[in-house]
Structures are given as C-alpha cells and as structure tokens.
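Quick setup: one chain, the form predicted on its own, written in structure tokens, and binding and motion questions come after.
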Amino acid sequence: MTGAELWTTAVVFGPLLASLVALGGRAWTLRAGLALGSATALAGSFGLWVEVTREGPVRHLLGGWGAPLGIELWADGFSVVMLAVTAVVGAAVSLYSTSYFGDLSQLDAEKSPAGRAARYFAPLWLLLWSALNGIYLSADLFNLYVTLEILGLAAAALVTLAVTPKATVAGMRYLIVSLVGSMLFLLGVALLYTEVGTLSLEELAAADLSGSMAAGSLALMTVGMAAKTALFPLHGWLPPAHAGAPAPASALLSAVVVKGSFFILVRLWFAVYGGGSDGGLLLMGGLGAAAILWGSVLALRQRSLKRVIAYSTVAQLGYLFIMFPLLAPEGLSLAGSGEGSAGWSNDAWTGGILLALSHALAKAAMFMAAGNMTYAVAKDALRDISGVAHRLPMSFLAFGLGGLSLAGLPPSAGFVGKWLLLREALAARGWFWVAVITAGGLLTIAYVLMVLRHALDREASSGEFRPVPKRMEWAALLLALAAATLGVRATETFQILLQGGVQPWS
C-alpha cells in the first residue's frame, strides 16, 4: 500500500471504525472513539497534504477496482485543505465535548437527557466525520450521494440531542430539507447518467454537457445542494437547527457540515460543467450577495446569542458564492486579472476557498465560546451573558478573535480571502461585488461588537455562575487563534490549492 492509499484509507475508515468503538456507550469507549477518530483524521489529512504537495493529485482504487465497478478515491489540493480544516475543527470539538457533557462516568446514559446526549454525540459525530471525508475524496456521483445521505441523517440526529421540543422540531425540519435536497440531487444524477452514461466526475468533465438535459441536471443538483448549504433564500432551517443543538453540535453544523454540500457545488460547477453558464454564475453570486446582507441584518436583530451566530453563518456563507462569478473564465464581463492557464482567476479561487477555511475555524470557535458563556449562566439571551467577559476572559477573547476574522481584519485568513476577492472584483470593475463585500464586513463588525458589549457590561451582571472547565475554554481559543493567524501562513495553502486547480482533470 502506497502512502497516498494509506492516508486516504485512514481519513475515511478511521472515524468510521472509531464510531463503532464509541457505540460501546461507556465513558472510556466514548473517549477512546473520539481519540481514535481525531488521530486517524489528523494523521491522514496531513499525510495527504504532504503527498499532494510533492506528487500532485492522487487517486486510490479501493481493492484495485476502478470505475464503473469499484470505488475510486481522488485527492487534489481542494480536497486536502477541506480534509485538513475538518480534522482540526473536529479534533478541537471532540476535546471540547468530553467536558461539555459533564463527567461521562457519572451520567446514566439510559435515563437522563444529558446522559443520552453524551452517549450518542460521539458515535454520531464520528459517523458524520467519516461521511464528510468521503465527500471530499469521492470521484463519482453515486458515492457522493451515499456519503451525502449519511452526512444528512447523522447531522439531523445531532440537532435533536438537546432533547427539547424546539430541538426536536428543528431537527425534523432539517431532516426534511436534507432529504428533499438529496432527492433533487439524486434526480439530477439520474438525468445526467441517462444523458452521458457515466457517473465518474473525470469522465463527465470530458463529456459534452451542453444539452438541455445536462443543464436541467445541474439545476436540480444545484437547488438540492443550495438547500443543504442554507444559501439564501433556502436558509430558513439553519438558525433554529444551529441554535437548538448542543454547543459541540452547533459548532460542527456551522463550521464543517454545510461545507460538504458547498464542496459538491464547486466540483459540479467548475470541475464537471466547466463553469456552467454566465447567467448561472451571476445568479449564484447574486444569491450570495443577498445572503450576506440579509443574514447580517437579521443577526443584528437577534437577542439570543446562538441565533446571532447562526444568522452570521447565513451571511458568511454568502461570500463563498460571490466567488462563483469572480472565478469566471475569460469572456465573462466580471472576469479580471490573475487568470490561470485555463482562464480561471487564481485570486478568486484561492480567496474563496481560504474564506471557507477561515469560516470553519472562526465559526467553530465562536459557537464553542458561546457555549461556554451559556454553560456558565445556563441561559442564552444576550442580556443574560452581561459581565461574563470578566469571568471567562479566554472565551471572550476566542469569540472576539473569531468575529474579527469573519469581519476580515488583518492578519486573519478572513482578511486575506476577502482582499483577494476584492482585488479580483476591482480588476473586473465589479463595483457591486466590492460594495457587498465591504458592507458585509462592516455589518459583521457591528454584530460582533454587539455581543462583546453585552459580555463586558459588568454592571448588568447578575445571577449564578457555573464554572467552565478549562478544556472547553482552550479548545475555543486555539481555534480562534488558528483563524486569526492562518492568513500569515496563507502561502502554503495557496500552493496546494493550485495542485489540480479549479478543473483538476483538465
């Protein structure tokens, strides 16, 4: 077995094996499963990073069988950076969860709601982790569908772990949206297979997809994935789901789960369909712009801490779709400088994906920091966290650093990513995109400062305060520091993102 085959096997099957260990339901099996899943995912993702940096994109035929009978795994720069950020966030959230759910050895997993949450979080999360890594490495549409279904079912179950009426309703709503999205995706896959006769992404990229049936297939799959990604106006399920879930689950849902469907959209639009149509790219960018403005305004109107962050997710995901028109090949009116050999903008490509990485780190840190605050005061209203900054300075700092990274202040990766998008928009004279990116940054600063002001208001502080385990504070702070400083080491990320490029099979 080669190094690449070893690492791809580790990142997909390591968390899957760990989920079976965690099903034991005992305190030591839960910790062992989380440790095993984190270790295999971290080792596999960074091992693949090294392999792709040295050798370029790699493929692994499981059991030696390729398409159409076997399962083929494919890793390029885009896959590897998504695997790596998921591993980092996942390891931090796994560590955080071991304290968030209390002393596992003292919980009755069969009788108390807290015990049930503690018992089932680990196996569900590890199963979800395996599915998410499978999405990043899948080289055909069928395996993308299978892993997407596992991802959606596990994520919906995580939402309901709080065992409250609101969480149950939110989880069921998310499940319905997820199933409808998967159904649309599967219908699009069926149409595409009828038209071309293959499900391999590489073979599809080489086929003629200019017909009406292929275009209809792309439209169906795009709507399905946009619903799963919570792209405006299909975002209604996200705020109640993320706000109702336990803090570790909220961090995962907002930081990495929505990236799975976003990853599929990017693969479809640019690797398979070669950019789709000019009108389609502008539509995706327009929906992203609407998401930025609408999500930011609603975040400012919230009085619940977790809902502020949830609507912030709606807004920040919009930046990832502004990348679509800015990434357009030569000939589209919004194409600017920095084009690669295939006519695609390297600035927009690296900037957009760097924003996705920054968002994963920052949003996980913010949800965990918010979880620490609500853990301490046992309430979620902004007025109830007044003065918490003086008792939880590490959590306050983690929330602030994550928020400033989302706003795009230097030296964060958010700053570098937004600067690259702005540079591309300015070169293309896309003043609308410039205005939206700038306004979104200012609105982000506004709602982050709104939360920080409440946390600093010592005079309004009242009520009991529950001590927060240091492990939970450190997990949030380390992710926030990673988001704030990733921009300093962005060169390595740029280099690997260009391994394979926008169209890895071209």
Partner chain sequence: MELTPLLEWNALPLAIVLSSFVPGVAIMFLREEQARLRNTLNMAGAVAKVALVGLMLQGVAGGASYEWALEVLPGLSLTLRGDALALLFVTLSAVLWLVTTLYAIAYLEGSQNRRRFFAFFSLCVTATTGIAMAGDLFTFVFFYEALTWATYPLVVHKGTPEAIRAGRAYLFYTLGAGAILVVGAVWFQVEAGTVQFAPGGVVDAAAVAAAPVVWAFIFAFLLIGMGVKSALFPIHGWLPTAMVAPAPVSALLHAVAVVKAGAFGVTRLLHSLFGIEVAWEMGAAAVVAAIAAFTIVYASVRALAQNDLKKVLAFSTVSQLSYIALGVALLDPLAHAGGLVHLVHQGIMKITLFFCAGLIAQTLGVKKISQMGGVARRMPLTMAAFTVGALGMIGLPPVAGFLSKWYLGLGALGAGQPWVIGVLLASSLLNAAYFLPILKTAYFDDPDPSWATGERVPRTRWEADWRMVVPALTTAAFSLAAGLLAASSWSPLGWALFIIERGVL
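Positions refer to the first chain, counted from 1. A quick note: this is a predicted structure, and the numbers were derived from the prediction, not measured.
There is another form of this protein, the form predicted in complex with its partner chain, and it is not shown here; the text below is about that form.
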Taking 4.5 Å between heavy atoms as the contact cutoff, choose which of L148, L327, V89, L354 touches its partner chain in the predicted complex.
L354
Within 4.5 Å of its partner chain in the predicted complex, heavy atoms considered, which of R26, R59, R453, R471?
R453
Out of the stretches listed (431-439, 193-201, 128-136, 315-323), which one is close to its partner chain in the predicted complex, meaning heavy atoms within 4.5 Å?
431-439
In the predicted complex, L477 touching its partner chain (heavy atom, 4.5 Å):
yes
Going by a heavy atom distance of 4.5 Å, is P410 a contact of its partner chain in the predicted complex?
yes
For I445, is any heavy atom within 4.5 Å of its partner chain in the predicted complex, or not?
yes
Is there any non-hydrogen atom of A490 lying within 4.5 Å of its partner chain in the predicted complex?
yes
Residues within 4.5 Å of its partner chain in the predicted complex, restricted to 376-414 and counted by heavy atom
H390, P393, M394, L397, L404, L409, P410, P411
